[in-house]
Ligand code: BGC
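In structure tokens, one chain follows: the form predicted alone.
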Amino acid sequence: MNTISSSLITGTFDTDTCPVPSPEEDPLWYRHAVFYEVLLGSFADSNGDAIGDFKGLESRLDYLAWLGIDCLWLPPFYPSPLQDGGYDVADYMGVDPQYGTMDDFTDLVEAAHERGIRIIIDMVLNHTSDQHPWFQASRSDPQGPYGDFYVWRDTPDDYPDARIIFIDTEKSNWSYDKQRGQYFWHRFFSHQPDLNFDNPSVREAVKNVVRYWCRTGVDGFRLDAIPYLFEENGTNCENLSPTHDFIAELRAMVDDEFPGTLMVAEANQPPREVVDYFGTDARPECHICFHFPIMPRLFAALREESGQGMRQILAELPPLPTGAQWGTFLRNHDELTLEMVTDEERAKMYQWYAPESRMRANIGIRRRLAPLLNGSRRKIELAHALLLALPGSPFLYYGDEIGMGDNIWLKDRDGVRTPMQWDPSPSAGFSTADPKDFRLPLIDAPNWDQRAVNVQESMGRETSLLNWLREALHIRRRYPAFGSGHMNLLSTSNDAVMAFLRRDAQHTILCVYNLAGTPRCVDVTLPGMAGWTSRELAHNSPFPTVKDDDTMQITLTRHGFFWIELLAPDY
């Protein structure tokens, strides 16, 4: 495994990257890409003000290219009161000065593109901050041009069947505004009024925002909370036809004016409803939809030592339109949501992974990956090996590549948003400022602080999680079947072992995972493949030939896995 001297963390890296191809040259780039979510304010501070910024992120691009990242996802960096991590947007067409200037942003995009890294940004369509000028004008001048930009009512009686999403903080989806003398609608926090998409002026204003950012050179958008754009009495106000109409309209505009721009749907819904956000071949909507249902089943599988739940979800996946792709993830800046599981399954997940109330938020768990898995290197590797091989494009979360910890005592979901740990210095290499001035404190728990967990140490240690993950990402890049190949679930002689094939015209890859905490020896059934030879990808070592009865016997260590290329006899 290749490593790079730890002294080069902020220097120049040897990478195989080349400038980002044009959409015409690589229109389906996202199907083979590895995405990486960066919380801008917590990643790298360039000017010593204790807040991460564009220039700081730009200084770390070589590290990300070395790691094997193809695209960065940047959550909101717009001007905001920051009552919800920036998702309470106060100006769609600006950047918060604490992160830098618009020139800094476009410099970042250009520098990323030079290294073969694309950038997508969050587009918060459903709501704004109550500090947004649109809302201020709407509440003060009901008859003015922005009077109908939000959903206002004299009484809070409409849409009674809509669920309350943040049940631990909100009692109603309506809040009274004294200035206007009416109630406004909000599906999230009461300081985030929903835009009125029934108003054509709102729809056009949103399109203009998207146009504005497309002109800066960004490669796409993550569309935040899109199932809730429209409301209708007698429904739960989710996934309504007008919502799909608007997303299709937005996609058509983007395809026409900025071809190749990616649209990613954040729709925390069951698979049969999420799939609608892909649209159809005739009327496409989003290129990628996050696969929320698979994620809790993956964590449950590690506790149940059974792949049954994952197999069921994967078997239920409907065919996707041309070019469509799932977005898979283990963790991100939000809680590990448990909305897509049964009450019984949720209770088990809480018992397994969040026994203390401080570990929970809304209907989910607010913990990072490594603490969730009790720091188990084997489980962390197994989880990533599943993530990288399941159908879809994987989204990594900053810091998980080194096994960063969390702080459950911080408010809301801030416990998983702490500064990146670059080196063992008192400021963790995040900033030259005094750590006591950081917006969020560094992790200080034993075995999790920057002295124990940091990029510098990980890069210098050949056997580190960071170097292991880098090698896994580079293997995935060499085999496009992981991104766009077909998946075939396979039968095994032991329920604790999950196996499937990823196949394209060039390669057939067998992926085998032991979900149990003890070794397993299993027979994997490979229909019609008797006589095929095999080799393991990580070490390029030979594996057994498929037997005449179409089976291969494989022995796995506890929480072990293999990626095995299968070769036809006439290969």
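Start at 1 and count along the sequence shown; that's the residue number. Model, not experiment: these values are computed from the prediction.
What comes next is about the form predicted together with this ligand, which does not appear here.
Per the 4.5 Å heavy atom criterion, this ligand in the predicted bound form is contacted by stretch 410 to 418, the sole one of 304 to 312, 387 to 395, 130 to 138, 410 to 418.
Residue contact check for Phe77: none of its heavy atoms lie within 4.5 Å of this ligand in the predicted bound form. Among residues of the shown chain, Ala225 is one whose heavy atoms approach this ligand to within 4.5 Å in the predicted bound form.
Although the partner is absent from this view, Arg368 stays clear of this ligand in the predicted bound form, with no non-hydrogen atom inside 4.5 angstroms.
By the criterion of a heavy atom within 4.5 Å, Trp326 is excluded from the residues contacting this ligand in the predicted bound form. None of Trp468, Tyr99, Tyr159, Tyr87 but one reaches within 4.5 angstroms of this ligand in the predicted bound form through a heavy atom, and that residue is Tyr87. In summary, among the residues Glu266, Glu231, Asp219, Asp194, the only one with a non-hydrogen atom within 4.5 Å of this ligand in the predicted bound form is Glu266. Contacts with this ligand in the predicted bound form, taken as any heavy atom within 4.5 Å, map within 328 to 343 to His333, Asp334.
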